Structures are given as C-alpha cells and as structure tokens.
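Consider the single chain below, provided in structure tokens and representing the form predicted alone.
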C-alpha cells in the first residue's frame, strides 16, 4: 500500500460527550422528528413529508400563522402530540445547513433521540459535512463541575442520504478534532502547564511522530524567544514538533502560539485582561487538532506542526522591558513590552521551520493582538500573507469551512517601526512614530523570520474564544482554525493528486 494511503493509528481523543450520528433510509421511532422547510420564490415550502403522526396538519396555514420565512435555523413546532419540528434551511447551501443544524441541536438538547428527514433536499457531501458540524459542534460542552449536567440527546438519525457514509465519517473526524481542540483551550491554566500541554499533544497525536524539547534542549539549540518568554515562570517552556507524511510534494509547516497563561509578564495586564488568558494557546491547540484530523482523514499531504509553548509570568527571573534576546537563527530582538510575547515564541518556531525543516509553506496561527478583534470583531480572523496564491487558497478554505477570515495588508511603510538602535529588531512598533496598526507590525515582525518562504499568519485573537453560544460556536474555546486548515490541506491534497495524474498521463502518452 503506498505511503500516501496509510492512515495513522487511531487517536486517543479526550472523552467527548457528543450524540451519535447515523444514516438511515427511513424514519426511526424517534422522540423528535424534524422536517426541513426552504425559502422559495413562492414563499416557504416543505422539503419533505410530515410523519404519519402529523399528516393531518395544514402545514401551509401553520407556516402562515407563525410568519415563517424558512430561513436557516428557523424552528416551528407542529401542534401534535408527537414532537415534530419544521426546520428552516434557507437555500440548503452548506452555510445554511450548518446554521440550521446548530439551531436544531440546541432545541432538541433535552430529548434523547432526534431524526432529521433529508429526503426532500438535494444533499451532497459538503452540505452533509456542514450539517453534521452544526448538529455536533453546537452540542459540545465543557465542565469542571463536581456533577456536570449530562446532555440528554444521545442519537441523531439523518434520514435519506445513505450513500454518503464516507462523507459522514469525514465530518465526524473533523468534529472530533475540533472538540479535542476546544478541550485543550478550555482546560484551566492551573492544570495546563507547558509540560501538561506537551503531554496532551502526545496523547492527542498518538500514532504520529511527536518530539518535545524541554528547557535544557531549547537552551542548547538556541531557542531564545521561547526561553525568554518562559523564564519568569516556575513551569518551564516546551517546543512540540509533530509530523504526518501522507505523501505529496509540498511540505507544509503549521506553527502555533502556545502561551498556556499570559499575565503580560512584567508589562502586567489589568485583571480583566487576564480572565480569558487560558485561551492564549489557542493557536497551538488549533494546529495540533488539525494534524489529528489530517492524519485520521489520510490526506495525501506532508505536514509538520510546531507548537511553541510557554507561560508568561512576572517574577524575579522574568525578562524585563529593555532586555535583548537572541532568537533561533541568531537575530537579536529588543524586548520593549513583555506582553508582546507571542511573536517571540512564534519567531523561534518560524525560523526553525525555515532553516531546519526547509518548509515549502509556513502558516502560523496565534491569538496575537488585541487590535485584531477591534478591527474585525469576534467571528473573523485576520489573514496576513506574503504570497497571494496562498492567501487565495486560505480564503477559499474559509468559505468552505465556515471559519471566516479577512485579508489584512502588510504595509511596508510600517516596517520602520520595528527598527531598534541596539538590536536587529524591536518586538513592538515605536510609539513616537504614531503609526498604530499593531496587528500589522506584529505580522511584519513575524515575516522577518520566514526566510522569504511562502507564509501566512492567522491572527485568531477574535474568534478563538466566544462569550456565548452562537450557531455552531459554544461559549469558551471555539477550536477556530481546525476546520479552516483541514479544508485547505484537503484541497491541497486533491490539487496535488490531480497534478500527479496529469503528469503521469503526459509521460505515458
């Protein structure tokens, strides 16, 4: 069997309590039955047939009475003894189905069994994938309560698309990876030391090649950025390297920021600014979860993940504003704000990806700047890239995956803000220049370590954590990045396979 077709050993995911999802040709005896409604030129139309228990209901009159529009996620209860719901699916596009699935899962969370009749919809693989994501990601929960509330919903039966089992399996693989990523982000930082996260990465990526560098190894190899950020903590830093080789000619390196808790260091954050800082390793969690999904899907790609993990704490051993550290590869950085620490750990890992791994493409993921959610809000990540083709690929993957991003400019005129009189770079822009653009200067800083390779930076400070439930997103860590990166890598694998096929065809001719 060719290496590209091999799958990694089964993952040991954390215990994730999600409903079981299956396909069936006919409706089971379920506690709740949902039948889609769609928007049409003539108004709202029923995309299917009501079950026998509700067959006598005048659906047209019911929809008119409820002022139904058929929009994605709209729910109308049918007034019969059995539990029957009309579920709006809009145009039945993947985005509409993802939204509809999430709304249905929340409405039926206190029921045991749910059946969704899809026989009246023209369902394909991407649509089914999106629907399953909505149903299950909205069902996710995380708790450290002594007696956590158990979700009642146990089984979801999708009626009709029995020929889409492969697509269902793929969707479930991605969902499990997202939920594992959410678990990592939601784990309190009292538990989540750098050593804990490195060990959790090993558990999550069971069956793959995983290497962890401790503080002594980091010092011996010259990872000054990771060490500098972590030197104030009693819990020393780590660098996690994991790889999957499913074939493919392009070596992709994913780099994740893994700050397990960020106080700001000696440039101390105010207390409100620390409340969500357990999520400051969301980038590392996202790339680890992506690698798990990619391996379990058996994608024909070659991917290495680097998670740069440290805890940023103030103490007598912490780095000080004004210190100069030496990054991996030898470039010196004047640290003028210890709360601009994420770029320091990322710079080490990016330089390693360039100098040692000889990456063909580098993508880093980080909860990097507070300026990013100010600019784009809480649902969009910022995309910075030195390569237009790569940026276009990621934008297309965002559309497919439902994880939104927006390309931001790398303003060359802002590069001067990183000049230092005592080092090669400074880690924040010079305030006296009054250029602002903190997210842009942070991205320009990272670009300095890419060696000119195709590179993209995803600033996920906005969408990595949610203040409440919305569509498929649940309160807390969102797992942002796993769906996006997996969709991108899946398309990269398909493109590579098509190119290989064309090359072989030309040679044989």
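Keep in mind that this is a model prediction, so the values were computed, not measured. Positions refer to the first chain, counted from 1.
Omitted here: the form predicted together with a small molecule. The next part is about that form.
Please run the contact check for residue 207 against the small molecule in the predicted bound form: heavy atoms, 4.5 angstroms, yes or no?
Outside the cut-off, so no.
Is residue 217 part of the interface with the small molecule in the predicted bound form - any heavy atom within 4.5 Å?
Close contact is absent here: in the predicted bound form, residue 217 is far from the small molecule, nothing within 4.5 Å, heavy atoms only.
Residue-level question: is residue 337 within 4.5 Å of the small molecule in the predicted bound form, judged on heavy atoms?
Within the cut-off, so yes.
At the 4.5 Å heavy atom threshold, is residue 292 in contact with the small molecule in the predicted bound form?
Residue 292: no, not in contact with the small molecule in the predicted bound form.
Counting only non-hydrogen atoms, which stretch in 173-181, 95-103, 403-411, 274-282 is within 4.5 Å of the small molecule in the predicted bound form?
Comparing against the small molecule in the predicted bound form, the contact stretch is 274-282.
Can you pick the one in 84, 371, 391, 425 that has a heavy atom within 4.5 Å of the small molecule in the predicted bound form?
Result of the distance check: 371.
Ok, 300, 133, 262, 117: which has a heavy atom sitting within 4.5 Å of the small molecule in the predicted bound form?
Looking at 300, 133, 262, 117 one by one, just 262 meets the 4.5 Å heavy-atom criterion.
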